[in-house]
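Heads up, the chain below is alone and in the form predicted alone; it's given as structure tokens.
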């Protein structure tokens, strides 16, 4: 049966002002990480009510913060079995702000940032603004799946790196790390007295056969060396409302945050906090429908790539709505530019994700399925 999302058109998205569809003219929007499906009814109602009665227009009051903390704690407990105390959930603008705070407040001054690559693009550039170098640690492949190279990770810590950026579910390759993998990573971190910034923004977006495990939940040692960042922005499609949650899981970090964290909390959006509270507390049914639709998209993508893009590597993402297309065997220097110019499809250059991403393409599958089909078909025609 046709899903309501199937009826979404490029024209309606452009008329609605979605950046993904406006930045590159007439091109199909498959680049920036936002979905084309709107957001949950409960979130829309919360935003409408807050705008009408003015409750979302001032600074974040304690009662609204407490409601967000309790809704978040209930959400992660129900979905992941992760018990978080409400006061440990701290409001920040977004995950990048969380990363800035964690690097500045909890990592060894001047130490390089360890970054598995390919990686979310700003993770490569933000450390420079903090006067930090980046040690890129390319992911390896095990039976066709991307995985952490534990020996290379160990070497990065030995070379002076102190904080590991752990992105799970992984942007851009779509891996959902298993508990045994997380435990192995934790052993390396502990051996070197390292820290972890856990970016788990895509945590709610996992597919059948895969379950998100919060890194800080795997052991007391992992909890002690980790600060976690999550948000409703990806799963509930509200990145413009600027609301993320930083989760503290050690007494040392709680003390540091109590002393210095207010400058980051003060930037948090009240409207975003109210919307996030509604998402966590009441958005589950809508999210389930979106995940089911995205699951259909990722399966369709595999079929479409096999039919229209021979020679292109594509493994269905285990989580996120981002697919990683490997065109290295085709010898196209800049796949993103090639498809933008020859297929009118805008996706993200893998080279922006680090040296390990050269020759690849990050492709956003959170499209109406007819638009997804049309985009891959045009890409195939361009290759031919």
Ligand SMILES: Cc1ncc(COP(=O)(O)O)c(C=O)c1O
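Because the structure is a prediction, the values reported are computed rather than measured. Residue numbers count along the first chain shown, from 1.
There is also a form predicted together with the ligand; it is not shown, and the following applies to it.
Candidate from 346, 46, 33, 40 lying within 4.5 Å of the ligand in the model of the complex - any heavy atom: For this set of options, the contacting one is 33.
Residue among 157, 286, 120, 148 with a heavy atom within 4.5 Å of the ligand in the model of the complex: Checking each option against the ligand in the model of the complex, the one that comes within 4.5 Å is 120.
Every residue of 94, 199 and 242 near the ligand in the model of the complex, heavy atom within 4.5 Å: Yes.
is_contact(residue 309, the ligand) in the model of the complex, heavy atom dist at most 4.5 Å: It does not: once the ligand is placed as it appears in the model of the complex, residue 309 has no heavy atom within 4.5 Å of it.
4.5 Å heavy atom contact, residue 175 and the ligand in the model of the complex: No, residue 175 is distant from the partner.
The ligand contact in the model of the complex: residue 234, any heavy atom under 4.5 Å: Flag for residue 234 set to yes.
4.5 Å heavy atom contact, residue 269 and the ligand in the model of the complex: No.
Per-stretch contact check against the ligand in the model of the complex, the hit in 254-262, 292-300, 164-172, 149-157 (non-hydrogen atom, 4.5 angstroms): Checking each option against the 4.5 Å cut-off leaves 164-172.
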